[in-house]
Structure formats: C-alpha cells, structure tokens
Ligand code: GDP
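Heads up, the chain below is alone and in the form predicted alone; it's given as structure tokens.
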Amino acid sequence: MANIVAIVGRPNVGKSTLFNRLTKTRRAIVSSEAGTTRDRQYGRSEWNGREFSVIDTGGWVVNSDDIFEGEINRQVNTAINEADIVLLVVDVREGVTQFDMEVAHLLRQANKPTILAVNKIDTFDEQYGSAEFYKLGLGDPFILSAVNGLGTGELLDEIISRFHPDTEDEPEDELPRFAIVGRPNAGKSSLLNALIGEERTVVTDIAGTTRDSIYTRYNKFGKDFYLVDTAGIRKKAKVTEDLEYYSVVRSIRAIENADVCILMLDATRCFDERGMFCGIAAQDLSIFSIIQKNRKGLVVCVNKWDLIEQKTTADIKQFENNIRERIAPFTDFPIIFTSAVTKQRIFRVMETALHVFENKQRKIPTAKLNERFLPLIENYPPPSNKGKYIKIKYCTQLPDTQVPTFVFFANLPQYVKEPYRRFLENKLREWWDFNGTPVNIFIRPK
C-alpha cells in the first residue's frame, strides 16, 4: 500500500533536516539560509515494518523577494493535495508566525490528516513553548528536535498509526501489476488505450479508488495481469499545479502499487532539431530513482519512435547505450522502441514486463549457486584487506523476498567492498536471467 507523507511549513523551520532524519540520508541540503529547498526531495522511510514515501517541500512564503515563491507555493499545494498525511513543521524559537497561520489555514481547508511537529526543542525548558501552537487549531503538537532525534520515535508512531490498512484497495487476485509511469504527454494513456481499446468486454475495473490507484485487468491473448494507471484520475479543475512535479507525485503511488514499472520516455524529447541525442530529462531520472528505491522491476519504453527519422541499427544501439549510461549503475533492463499510435511493438512491451515479473520470482537452487560461485571465488577471491585473507565459504538465496536476494557467507564480511559485490552480481546476471529486476547481494559472517 502506498502511503505518502508530505513535510510542509514556512522557510527555515527544519523541514529538510527532518526529511534527512526520517529517510536516514543526507540528500536534502540543510542550511541556515531561508529558502534553500526549491527542488523537491523524495525518499523512503520505514518504521515498525511499515514503509512510506516522504516528500520534502520548499518553504511557504507570501510577498517575498524570492523569484521562486509562486512555484514553491504551487508545489506545496500539490504535496498537500496528494499526500495521505501532512506533517506541518514549526519553529518553537520563533513562535507562531503569520506564515504558520496561513499554512495551517490551507491544511484545514484541505481536510487532510495533519500532524503538528514543533521543532528545534533542544533543551528541557524549550518544550513548554510548544503550548503556543495550539492556536493553529491542528490538535496536540509533537515536540521534536530533528537535529538530535528527540521525539522522532513518537512522531513516527503517530504517522504509521494513521495509515490505511495494508489490505485496503488491493486487487483480490494475485496477478502481476504493471505501472505505466513517465512525464506528461509521453504516451502513457495512449499505450493503455491501445492495449485495451479492442474487445473491451474482457477488461474489468477493480473498484476502490480512495488511494487513487486504478487497477485495470487485462486478460487477452493468453495474458492475465493488472495495469496500474494514474492518467485521468483527478478532475481537471484540481490540476492547477506544475505538471512536471505533479507527474512525479502521482507516479509514487503507481510505482508503490506495482510489481514492474514501464517507464515511458518521449523519443521526440530525447533528440534535438539536428536529430542528435540530447539525453534523458531530469524528470525521467527522478521517476527512475523512485522505481529503484522501491526495488521494482523496470522496462524502459521509448515511445513516439514513429516520429523519429529512420535510424540505423548502430544509431539505435548508441541510443540504448546513452540511456543505460544515464541510469547506471543499474543497466540490466530491457529497452523497447514503440509507437502507441501505430501500435508498433506495444504487445512486446507487455510480454517483456511479464518476463521481468518472472525474473523477479526466479529461484536458484543452493546447490547450483555453490557449484558456479565457489570455483569462481576460489580463482578470484576478494582482495585482502589490512593483511587479512578473506574467504567466502557458502552462498544461498533467501526465500520470500521482494526481489531476488542472495547471501554469501564469509569469515570477514566487513572487509568485502562494494566493487566485489558488483562483480558477484554481474556474474549472477551472466549465468541466470535477471533482466529488468534489481538483485540484492549481502555478505554475512559464517
């Protein structure tokens, strides 16, 4: 079940610090200068076995000198509208400000579950200042210090207590779920319509859209799976925010509710007027990073290929290499060139997605793993570290994992570096078909 928590508030109250604390990263830039956060950050957090997405937003301001004010405020509104829970962060040292009152008013109008977090409580006496924030009308405040972690456990307990049950709105059938995601106008809806436009009697809509994920069952030509679509769910009157940002927020739900993601790229945006490859947009890379963080299978679909002048096989190969270079280090995924309008290779997209789903379920017997890996490791052992000889003695695949997960048992696992893990993963992919699916490699003590 996809749950989204949006962190909002005025500038310089510690939103990015709290984002880093919840996601256990340092990706959000933290500065004492107000208005540092302009580009959104998306991360994953986990507490007591429940995972959820976290969005860090820019600070809400009105009538400021910041030329990005209007854009930031639109994106704050988007985060509020799309989130399941909104986390309003305020500064105990500054007290209640006019901007705090304005954001609180927005949240009451949105009628979204809201948690009030009073931040920067770094001393015992400062906690008494939290009582002032009752005037915001958002219930009991949670005292917090995002810098040193005070109160984050209680805050996370409250967040997950407000989540919907895991079983809500899930389709009953245990069928593969494929999400079609990408930037606006990449052809997501065209692909869906091309797939289900014929023989609509075999298409069944699964009810239950409080989570705004639409499951469309496709069971033609011997195939049976769900398509998770986000296109056209919200009324046009509500889509007033920036489309690029909106597409990422909407993609989070689709990605989290899918087994395999079909990332749609617009071929016409990947080439300039001279017909030269100009790269993948940052927005596409943002969506890919969400797919990767959620450990989902991936099929890259380059749409509108019919609008590109005839390319040679060498040109296509170079184009594929350019895509893989931008998305590296994960490069073992299929790339398909399609046209949803002419229906060129659209059924191959679904066949490939089903194949990636099968790869995610692939189980390798322990005996075969050791038969292949132990002689390889003996000939190419991990490099010695600090004069210590590292020996890997045994390997196996863990059962019941989201993606194929393999454990290698060693005498000194702490000295096995990331390049050697990648070496093991590359050999695993060379010997068995894990195309399109992430693979976990762990080194543990024997």
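Being a predicted model, the structure only gives us computed values, none of them experimental. Start at 1 with the first residue shown and count on from there.
Missing here is the form predicted together with this ligand; even so, the following discussion is about that form.
Comparing 106-114, 284-292, 347-355, 120-128 against this ligand in the model of the complex, the single stretch with non-hydrogen atoms within 4.5 angstroms of it is 120-128.
Within 4.5 Å of any heavy atom of this ligand in the model of the complex lies no heavy atom of residue 296. This ligand in the model of the complex is not approached by residue 438, whose heavy atoms all lie more than 4.5 angstroms from it.
At the 4.5 Å threshold, heavy atoms of residue 162 stay clear of this ligand in the model of the complex, well away from it. At the 4.5 Å threshold, heavy atoms of residue 360 stay clear of this ligand in the model of the complex, well away from it.
185 is the sole member of 152, 185, 216, 322 with a non-hydrogen atom within 4.5 Å of this ligand in the model of the complex.
341 is the sole member of 335, 175, 341, 327 with a non-hydrogen atom lying within 4.5 angstroms of this ligand in the model of the complex.
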